[in-house]
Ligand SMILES: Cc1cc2nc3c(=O)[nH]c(=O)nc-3n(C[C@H](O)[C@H](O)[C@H](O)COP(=O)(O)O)c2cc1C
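We begin with a single chain expressed as structure tokens, specifically the form predicted on its own.
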């Protein structure tokens, strides 16, 4: 399936058939997500993978009882990592291991620190959370490329998710993507004409 067919056929699946996706296929999807773009390449996200029925059931009320949560194979909880200082330590280590010249590393770190220092904490967290959506795009299109279905969801109670999943404070649930095999049928895809979008 070429990319145009992927974006044409992908849709927000509302119910899955409960069939478990093979781990090998999920590992392929994880790699697609890992390779996602992000500002400066800092990848400020962690993804909690939920597969057990009990946890999915516990998360369902916090997801406004939407059927995708319990019927999917794998529930991917995309979390924004708001610990920018910690991210920069890890980022520097990765650049060093990648044999990036030290002067380039220092320039990049200073750019990120300079930009973040000009933001309020709220603005910084908003900037970091935007990066999550770049990874989510790879997740939903990558899933379809692998013959899987998905549904990006913002309709959930983030604080309840944090409690149920026992997430550290710096990881903020931002987007939930159930993955599996559809048990529903896609409606015709309605999108604005190009002349409404490209101005």
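Remember, predicted model here, so these are calculated numbers, not experimental data. Residue numbers count along the first chain shown, from 1.
Beyond the structure shown, there is the form predicted together with the named molecule, which is absent from this document and is the topic of what follows.
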Next on the checklist: Check residue 25 for me: does it contact the named molecule in the predicted complex (non-hydrogen atoms, 4.5 angstroms)?
Outcome noted: no
Next on the checklist: Can you tell me whether residue 66 touches the named molecule? I mean in the predicted complex, with a 4.5 angstroms heavy atom cut-off.
Outcome noted: yes
Checklist entry - Would residue 21 show up as a contact with the named molecule in the predicted complex if we use heavy atoms at 4.5 Å? => result no
Next on the checklist: Can you tell me if residue 182 lies within 4.5 angstroms of the named molecule in the predicted complex, counting non-hydrogen atoms only?
Outcome noted: no
Checklist entry - Which pick from 50, 139, 59, 151 sits with a heavy atom within 4.5 Å of the named molecule in the predicted complex? => result 151
Checklist entry - What is the one choice in 147, 155, 168, 41 with a heavy atom within 4.5 Å of the named molecule in the predicted complex? => result 155
Checklist entry - For 180 to 196: residues with a non-hydrogen atom within 4.5 angstroms of the named molecule in the predicted complex? => result 187, 189, 191
